[in-house]
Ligand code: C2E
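Take a look at this one chain, the form predicted on its own, written out in structure tokens.
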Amino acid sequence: MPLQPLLTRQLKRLGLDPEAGAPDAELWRELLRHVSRAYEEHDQERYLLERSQDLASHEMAALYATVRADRDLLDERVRERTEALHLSEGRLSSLLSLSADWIWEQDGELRFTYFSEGIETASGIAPSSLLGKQRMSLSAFEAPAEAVAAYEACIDERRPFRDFTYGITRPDGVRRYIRISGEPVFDDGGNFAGYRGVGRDVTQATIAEQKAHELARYDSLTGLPNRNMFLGELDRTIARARRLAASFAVCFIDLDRFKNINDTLGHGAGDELLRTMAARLRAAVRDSDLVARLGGDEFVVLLEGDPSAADLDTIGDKLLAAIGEPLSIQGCVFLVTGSIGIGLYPRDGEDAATLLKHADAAMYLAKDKGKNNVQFYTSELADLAARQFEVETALRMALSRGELLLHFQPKIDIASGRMVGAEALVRWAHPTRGLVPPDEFIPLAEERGLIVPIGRWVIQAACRQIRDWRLAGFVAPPVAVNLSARQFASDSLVDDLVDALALYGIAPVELEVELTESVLMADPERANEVLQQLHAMGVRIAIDDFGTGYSSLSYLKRFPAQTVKIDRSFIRGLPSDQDDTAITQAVIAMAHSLGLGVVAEGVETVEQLELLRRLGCDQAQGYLLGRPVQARDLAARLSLDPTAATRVA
């Protein structure tokens, strides 16, 4: 029987022929050893194979378990991330539905591909009507030209843009303002793929900003351009006129006696008057002319077009006529006038400040010439302004340099002839001009706001002089000081008086304040409040220049005054002028009926003094009784004996 080829080969290798007879025993045993070894090797190989398969099986199982665990973890993470994404999308969707903001996207052709819902609420336009369409045309952008140009440049250059704001009118006619921001999108190859961005309804903020801008440029009471807007327009007009070699005019307008109406009928009536005048001025000039309110009762008109002097005269008269039309306020009819000053560019000033200052100076000239007229700026006004500026500059230095001094004019008791008081009058000892008369610097100090520190100095100097007289052993008379309108309106007045009295140890009764009727009636309520404070302190109060203002019993009774001073304009006509005599007699009788003392100012003749004595006037002052003199000269009339009297020489 045939043998397995491998076995046959092995037998032949041992020298045994499978076809021959029985083999040699030793060879047989060798054969068996080979066969046994072959089986052992086979068993070893099978064991190793099975072991290898077993190990591989375990490794595959472990690997599978690991892979499955990783897959399960990955699946969990995917679920978590998916849930978080859904939650985030829900939040974003919720926020977008509640917010005024919306999201938009465009493709590479700038066609809209996506809008969130907010756009319909803001614009009234359904997103579906915009999808697939390109961005809106420039005509839809109601925005400043420079803002549109900047936005267009960003789009053309594929750059981000921020906060482009434009106005739209919704289909329902409602005006809205939109603000958008966007940034370009590029694909992996760097190719432009469109824009994505956000939009927002900014209507309320934009309207508020426009309102604030309007308030910054326009007067809230009259609706006219305010000072800031006018000055800006004046600068632009000057630049234009300089470039074209043209001229124009500025009319500075001030309403006469506006304060009387404002104080008498209240601020509501004053506001109505200003609104009416603003409308009248606007109607009196061309549409191309600019009318502005600078503040208070001051208006200004800018007239372009190379106006001639005749044209300006005509325009000025037209403005005065418009102002002067009868005006009914709170059932009362008023006739208000105006004073107008005109400055011409470039003759009267080549910059805004100079031109306006010169027009203002011309307006003050119109007031000085009786009001209700028109005046041009002239070389004489320029000289006057220069002199006033020089005086103002020197006056500002006068306080610090100690150039101010007091002169004292005696007040005489008419019945006894004794000096019973003195009025302190400020003088300016200029280093080069000598003694400057009060009428040359007091009005200027009042106008330029210097009168308050000067008045404070006068109060202190008067108190100091009372103390010095007393230290020298004299009987110091009560001293009167004049209070100007600005000083009386100052919040520091009462404190200034208290400080000066305390500093020099002066009793309030030794000091008297004199105020004119016009000062008191500028603000009667505040005047009464301040005078009550002074009266409570013990300071005496005199009403100066009586008879030239209101001369009303009602306010004399109302204000806590002790003395009335008859203005010198009435004393001058005594005793020959019957009207002046009657007025003087009436004032004395009226004051005495209210328990007030009477002082006559400007007494210069014996006849005047004698008539005042017969009329029962209490005191007098004037050149007949004593000129204003320095403190050392007045001391000669003071007595060292408290019981002695200083009599009229």
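Note that the structure is a prediction, hence the values are computed from the model and not measured. Throughout, we count residues from 1 along the sequence that is shown.
Heads up, the form predicted in complex with the ligand isn't pictured, but that's what we're talking about next.
Contact check for residue 439: a non-hydrogen atom falls within 4.5 Å of the ligand in the predicted bound form. Residue contact check for residue 30: none of its heavy atoms lie within 4.5 Å of the ligand in the predicted bound form. When the ligand is considered in the predicted bound form, residue 427 lines it closely, a heavy atom lying within 4.5 Å. Contact check for residue 196: every heavy atom lies farther than 4.5 Å from the ligand in the predicted bound form. Contact with the ligand in the predicted bound form, defined as any heavy atom within 4.5 Å, is confined among 63 to 71, 617 to 625, 580 to 588, 47 to 55 to 617 to 625. Just one of 254, 510, 514, 348 comes within 4.5 Å of the ligand in the predicted bound form, counting any heavy atom, and that one is 514. Between the ligand and the residues 297, 496, 544, 289, the one pair within 4.5 Å by heavy atoms in the predicted bound form involves 544. Counting a residue when any of its non-hydrogen atoms is within 4.5 Å of the ligand in the predicted bound form, the hits in 475 to 502 run 482, 483, 484, 487.
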